[in-house]
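Just one chain follows, in the form predicted alone, and it is written as structure tokens.
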Amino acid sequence: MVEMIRKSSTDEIVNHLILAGSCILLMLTGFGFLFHVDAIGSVFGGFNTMKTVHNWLGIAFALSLLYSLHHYLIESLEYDADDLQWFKVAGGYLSHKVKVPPMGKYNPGQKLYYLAVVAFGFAIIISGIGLWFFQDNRTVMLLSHIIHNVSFVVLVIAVPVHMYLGTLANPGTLQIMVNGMMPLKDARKKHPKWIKAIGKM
């Protein structure tokens, strides 16, 4: 029997699903607004209804992103020499011949991705509040539209890449997002510093 270890807690999994689900739906509805795609609007019963759905999805996304901070923020701000070396070899994604340095619970690519989601996520949230509540203020509306659209473009590129790296590019990773568990032998190989820190070596 394969010995397993828990990498993600139940509340991490649930919150990740809420964050991912709301983000994807927000990108879909946002795309519909940006390019006025009637087919997308009709799915939600028209653009007026879609606007209401989009706004409330934004609230779910904001609360979920806030909640995620206590799971990932501190570790995402910590880097060491091994992390710098990981960047030099591109995490081994471009070549299996390079030696990837030992990693902690998360690699620096995951850390930077999370920080980008936090930065552009809060930018899109704040600008969304401007678009929702300050429609009579032309300056706020103009700045909000610019920030909202730039943040949208960044996230619409970053999120699919993250989804690919978290599934097809790394077999077994999807299991962690479903039940929080991964084989201990894989954890020792991919996250030796984390395993050593929790005394499972």
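A residue's number is simply how far along the shown sequence it sits, counting from 1. A quick note: this is a predicted structure, and the numbers were derived from the prediction, not measured.
Below: the form predicted together with a small molecule, not depicted.
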With a 4.5 Å heavy atom cut-off to the small molecule in the predicted complex, the contacting stretch among 45-53, 22-30, 142-150, 128-136 is 22-30
Residue within 4.5 Å of the small molecule in the predicted complex by heavy atom, from L66, A60, M163, V37, is M163
- Query: Just to confirm, I176 within 4.5 Å of the small molecule in the predicted complex by heavy atoms?
  - Reply: yes
| query | in the predicted complex, does V156 have a heavy atom within 4.5 Å of the small molecule? | reply | no
Notebook entry, point to check: Could you tell me if V117 has a non-hydrogen atom within 4.5 Å of the small molecule in the predicted complex?
Noted result: yes
Is it the case that Y113, even though its partner is missing from this view, gets within 4.5 Å of the small molecule in the predicted complex, heavy atoms only?
yes
